[in-house]
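Let's start with one chain on its own, the form predicted on its own, as structure tokens.
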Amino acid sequence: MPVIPIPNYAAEVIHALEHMGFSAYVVGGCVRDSLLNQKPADWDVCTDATPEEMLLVFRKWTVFKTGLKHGTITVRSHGRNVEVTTFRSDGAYSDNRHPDAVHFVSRIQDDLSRRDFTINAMAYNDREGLVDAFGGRQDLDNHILRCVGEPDVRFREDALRILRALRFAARFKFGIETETAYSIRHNRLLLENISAERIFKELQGILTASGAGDMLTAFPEVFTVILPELTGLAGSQNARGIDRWVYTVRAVQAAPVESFPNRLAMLMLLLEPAAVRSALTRLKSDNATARFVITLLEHLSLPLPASRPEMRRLIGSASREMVQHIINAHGMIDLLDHRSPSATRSASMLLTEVLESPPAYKVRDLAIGGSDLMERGSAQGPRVGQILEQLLREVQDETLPNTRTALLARASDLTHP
């Protein structure tokens, strides 16, 4: 029987409930992660105490009634939040996402039976040890993801579990049990009932997992439901005779595993710009991610800067960090296409050289500003901006030094040719 060291702040919540005669356990992800020798992010507790009884037990504690009607409160213990939920079973799921009603029950096994996957359907306390009614520990040992009960029932209750299955399998590099995998494919269209925000979040979890490529390879039909723009990639070949979906998966795997924007861009690598924008809008991507993806893909279709002026202009229009991502992405494509990396290496050295020289990437980097031109009567109104842009181009071209004296003299020439 495994021993799970429960941190003090969660253990005291359990002890408070047990002191009043109730049963209580840590449950779900914290048990799973502990058995995998990973540090849980959160420790959730479940109990046979009803919501009203929980409020009585913790009447002297700081309590947030976060989901009281569904049996959940959040208790503040030693500066940490612990979610405490009454054992429950769920009613019908008419919207393929949320139960229409919940029913409080007295047995931990009944509560575990409503959960999604066996590896998430385990509970533990120091008195009873591990409660594992559905073989979750064995599935952990065998690196298998399996639904609790009938997979079709689980996915029809909550279609988001389809993407959660892919996320957990990708995160832990688990295989998906045959019946569960069949049900994922069979019920994939239910994902059309899930909000874009939830899909986007799950997609982030899948793509930033080490096993993302395995899930993309095994379930292309699921990804075309949430990203219809990808339809047609599987089964079609690029100019080198490689299946375009296989190529896409390789590109995703080559991108940094911790960078969702990079991996999302690689997932959309073969799409037209209009399709990329449409997909990001429909998924309700945050602005920073959308801007990153669009910028990276745009510059992958363009040659890398081959001179210091070109590199300075690219830094000015994108940013130093973005230019590095662009160069890295070009390098990945070089490898995928078995292409000489000479241009990428040259651009990388050029970037280093430019960054070590005095910066003049944007107008604000110039040694003078618009107020200097106006004070000297060199220009007024829109002409101020036009002169500054011309000065920036000449500084970037290295035909004009970025000094106050030189810039003011050149501004005077531009004003009085």
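Keep in mind the model is a prediction, meaning the values are calculated, not measured. Note that residue numbering follows the sequence shown and begins at 1.
This protein has a second form, the form predicted in complex with a small molecule, left out of what is shown; the following refers to that one.
Looking at 165 to 173, 332 to 340, 317 to 325, 259 to 267, the stretch with residues near the small molecule in the predicted bound form, meaning non-hydrogen atoms within 4.5 angstroms, turns out to be 165 to 173.
The shortest heavy atom separation between Asp158 and the small molecule in the predicted bound form is within 4.5 Å. With a 4.5 Å cutoff on heavy atoms, Arg312 does not count as touching the small molecule in the predicted bound form; it lies far away. Gly29 belongs to the set of residues with a heavy atom inside 4.5 Å of the small molecule in the predicted bound form. Arg146 falls outside the set of residues with a heavy atom inside 4.5 Å of the small molecule in the predicted bound form. The candidate site formed by Glu150, Thr178 and Arg185 is entirely out of contact with the small molecule in the predicted bound form, as no residue has a non-hydrogen atom within 4.5 angstroms of it. Residue in contact with the small molecule in the predicted bound form (any heavy atom within 4.5 Å), chosen from Asp365, Asp372, Glu53, Asp44: Asp44. The single contact residue among Thr289, Asn120, Thr208, Thr295, judged by any heavy atom lying within 4.5 Å of the small molecule in the predicted bound form, is Asn120.
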